[in-house]
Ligand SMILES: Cc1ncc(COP(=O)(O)O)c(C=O)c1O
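One chain comes next, on its own, written as structure tokens: the form predicted on its own.
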């Protein structure tokens, strides 16, 4: 990728994770070109385009159970649709979310944002007051599973929790991987109290961290799964994929829609999503994700053993990785700038801002991974804790 001045960079973020298959993938570009000559804009759910109908059907078929789909323009849109579905289904306004969780910044989404209080506090008087947060279970912290599930049980004891919202791996929160059994235990508890379990797969889903559904692979049985980012191949589109019996709470439309928007199911975005799914479902792409993820993991693990670099932790799952650095947010930002000067784009993350977050595209070459590792080594040595 290049900036306005013609400087060329290796994008280790894939555009916040959206370009998992690379920027301007030719199959996506071709689909956009074809669709642009047919229809640029349709009328959402009133008179939907054929490509919108096709995308919803395809996503429903990919679900682990009979499903219905609501499309959106962003990950936050999908979260909003999921939260609305949960309250319609359970008639309970309480939501249980997790500390460190990030789900977008629109009003419904920011109310369940456990990433930083500063994101919620300016708007607190207008947000859902019935949201509570449990600590997220971190696989590298002793006793974290018991503490998290204990907090979950106490939240459920309130009796008003109708929705549980969780990431299978926390992305912006610092690439935090839960211990084995966390998601399945959460799923069992939600079913026991009749709460809708919403899994945010916006970062983790569609093969970035394994299969289509990271949570399902981990033994979880969600009621709603939210997709975004890689779904559109670079265009804005997201999906709230709902278990049929939960989606039935919306009823049959007999008047004006109570959840819609002008650009819902935009034909161009849907065409891009169909093409992106073609690429993501190909064996070649899935091999590329595994191989590139392994290369990146090996490179980061080698750097982590050198005490001179000031790396306190490395976490990686597929093409989602986090490098925690000593020196806090000031050092992570300085390293990010040093990396940009060396031609590599990455982002800070983690609740404390001390995690260099990597969500690179699967098109990253072996030479680019090696070059990134060399640049990171040099940047960390140049910017001391």
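Remember, it's a predicted structure, so these values are computed and weren't measured experimentally. Numbering follows the first chain given and starts at 1.
Omitted here: the form predicted in complex with the ligand. The next part is about that form.
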Check: Which one of 213, 182, 98, 203 is close to the ligand in the predicted complex, taking close to mean a heavy atom within 4.5 Å?
Finding: 203
Item checked: Contact assignment for the ligand in the predicted complex, among 267, 162, 104, 293, heavy atom within 4.5 Å -> 104
Next item on the list: Report the stretch among 141-149, 71-79, 119-127, 244-252 that approaches the ligand in the predicted complex to within 4.5 Å, counting heavy atoms only.
Entry: 71-79
Next item on the list: Please check if residue 208 has a heavy atom lying within 4.5 Å of any heavy atom of the ligand in the predicted complex.
Entry: no
Note to self: in the predicted complex, is there a heavy atom of the ligand that lies within 4.5 Å of any heavy atom of residue 167, even though the partner is absent here?
What the structure shows: yes
